[in-house]
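Given as structure tokens, the chain that follows is alone and in the form predicted alone.
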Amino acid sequence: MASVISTTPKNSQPVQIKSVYIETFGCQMNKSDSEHMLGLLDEIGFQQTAEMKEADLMILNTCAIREGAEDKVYSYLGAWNKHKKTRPGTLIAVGGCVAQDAGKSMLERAPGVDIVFGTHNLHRLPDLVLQAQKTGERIVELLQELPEDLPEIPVIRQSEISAWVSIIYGCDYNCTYCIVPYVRGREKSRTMDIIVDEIKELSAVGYREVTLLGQNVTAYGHDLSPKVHLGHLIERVGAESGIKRIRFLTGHPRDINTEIMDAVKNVEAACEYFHLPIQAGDDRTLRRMARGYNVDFYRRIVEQIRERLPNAAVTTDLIVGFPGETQEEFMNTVNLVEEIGFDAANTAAYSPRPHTPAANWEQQIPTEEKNERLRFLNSVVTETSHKCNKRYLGNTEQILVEGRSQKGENRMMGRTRTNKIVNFEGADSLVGELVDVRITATNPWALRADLIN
């Protein structure tokens, strides 16, 4: 179901219904982009298929944040090219961050690719597909920045319960390890009116939850006139849309303010969940990462959140093995995880990326040592997460039921307001409902519960 209306691409024409298969790597922004690809292609007669071998158009939506993710892209494209040879007329398109970075070189490394498009010209996808169909030529089209008059584009969502809603694109920071500003560009906010209207439409057709998305979602609104911030948007969505739950991902610690925290506290639909990547728990490492804050600054942010919302969940991202990181500096990160008591953490070994200063620095940490540090950090994160989850034992929690758990025939799963996964015995008829459960058991990754009738 499309929640945003746009005009049909100028080159579109009635065509035979064809099928499109999309494989998505990376973050929630990429997942949201894939939903918009489906909406755009629907306008020129392409319908989604879950079977790659049935597709007339195969799209790989890529992520460049880690070196391994990029290698995975070319592995997939090699396999897809073999399939393409058995199905004449099939097209392969590559979008996302790897495409934005690689450009024309992707055609040389992946000879089966027909279309390469970037992160800034997603709205052009139907025209590119029609052009490739008509001419048989291989096409590369990349823009270096988002267009000033970026159109609102249609979307076919993959959930009927929860929806991704992009509110800001790009990132203005220049962290020394991160390729995102290069492949996603500078920050550009959507207007509040457009966002609120989109969420109203979602609520009207039965969606219960939205997640407001951005590479730096907490920077929302600084480039609008007049300036606004994420707290203002949360207040408007809560007051006007009728949506039951509001989340946001992913923020930068420098841009979250007490007004945003207060909006989460005061807006009934706003969920008590904050994902704030710190990346390292050592001041020298943070300076060399160009994060723009120190550990004490981050501590104060968490303290302000917990003063206002004592039961809020706080999660983070952590990188180990940054160039020049000493064992002592690494242990400062480990100690901070225990001190803060993060509910969860996304952890990764440092991966050198092109176009980033840190990739060329000396004192690169050997892979074996990075992996050993990562294993140790993960053990501490697991222990800390379990400790946080144990606090829920015996509690009554409201969860939004998302679907059937993979672990049992009658087991359903949902999420608390604090984004905890909860498994419980129940019926399919509960999907999409907000129900109360009592927490009966915990592990580091999820909670078990009994349904309260």
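Counting begins at 1, following the sequence as shown. Predicted model only: the values in this text are computed from it and were never measured.
Beyond the structure shown, there is the form predicted in complex with a small molecule, which is absent from this document and is the topic of what follows.
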| property | result |
| --- | --- |
| Location of the small molecule contact in the predicted complex, chosen stretch of 85 to 93, 305 to 313, 341 to 349, 156 to 164 [non-hydrogen atom, 4.5 Å] | 341 to 349 |
| Selected contact from I319, A219, C271, I199, since only one has a non-hydrogen atom within 4.5 angstroms of the small molecule in the predicted complex | I319 |
| Candidate from R353, R138, H123, K72 lying within 4.5 Å of the small molecule in the predicted complex - any heavy atom | R353 |
| Heavy atom of G112 within 4.5 Å of the small molecule in the predicted complex | no |
| T333 within 4.5 Å of the small molecule in the predicted complex, heavy atoms | no |
| Contact label in the predicted complex: G238 to the small molecule, heavy atom within 4.5 Å | no |
| 4.5 Å heavy atom contact, T250 to the small molecule in the predicted complex | yes |
